[in-house]
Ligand code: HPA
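Below you'll find only one chain, the form predicted alone, shown as structure tokens.
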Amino acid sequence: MSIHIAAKIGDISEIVLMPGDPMRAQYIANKYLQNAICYNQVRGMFGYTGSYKGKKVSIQGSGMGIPSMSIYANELIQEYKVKKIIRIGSCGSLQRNVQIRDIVLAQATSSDTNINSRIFPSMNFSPVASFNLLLKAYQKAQEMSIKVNVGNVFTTDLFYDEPCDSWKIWAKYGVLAIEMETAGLYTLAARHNIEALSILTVSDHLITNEACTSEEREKSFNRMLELALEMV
């Protein structure tokens, strides 16, 4: 077992879906997986492995923000040899045509984090999705008649930012939505040569001020979950 994940080698699938909320991981396991086993409860960050339509899949909570995502993704990749990570999270829309409960496929990510500047001093790295996963997600969405928005997202370190309208510059340049983990995930995937993709559901709208409740975020984003599971 690793420092933050109590699983034994072999307990975790090579394909892992990662919601930020560990309660969403529990919800997915109970609703969609057959013979699900909880392999992790350390720090309340639940992890489950089961089968979906006969295929082994794991669901692991990541927590909020790049530092937390990076801890769990690093351990999944280096200790448990995970080959594909699909983030299934929430985001805030920055565009009027990307509406509440819409799904966003994060093709690339901009960021205000300083984490990558430690790796690339005086340079800029552009974290992008794995093309094979992005293409597969888009094609599956078409098959399932799910509307998806594909493009750039903004990964921020601050949920409560000052000034509070700083997001508008990103909206001006066509960024679709704001979230807190994707830049870290895509950078780690590039570093370790694995596949990664973020599939996000709009839970808040920064223009209209619409918002889903915490319970809705946990239990009602089923189209996103089903899309991700169909990619296993």
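Position 1 is the first residue in the sequence shown; the rest follow in order. Everything numeric here is computed off the predicted structure, so don't read it as measured data. Whichever C-alpha set is largest while still superposing within 1.5 Å between the two forms counts as the rigid core.
We do not show the form predicted together with the ligand, though everything after this point is about it.
Comment: the ligand is not present in this chain, but in the predicted complex one of A29, L188, I178, M45 has a heavy atom within 4.5 Å of it, namely I178. Though the ligand is absent from this view, in the predicted complex it lies within 4.5 Å of a heavy atom of just one residue from N149, T156, Q95, N152, which is T156. From the list 32-40, 66-74, 51-59, 196-204, the contact stretch for the ligand in the predicted complex under a 4.5 Å heavy atom rule is 196-204.
At a distance threshold of 4.5 angstroms between non-hydrogen atoms, A129 is out of contact with the ligand in the predicted complex.
When the ligand is considered in the predicted complex, C91 lines it closely, a heavy atom lying within 4.5 Å. When the rigid core is held fixed, the Cα atom of R223 travels less than 2 angstroms between this form and the one not shown.
Comparing the forms between this form and the one not shown on their rigid core, the Cα displacement of I15 stays under 2 Å.
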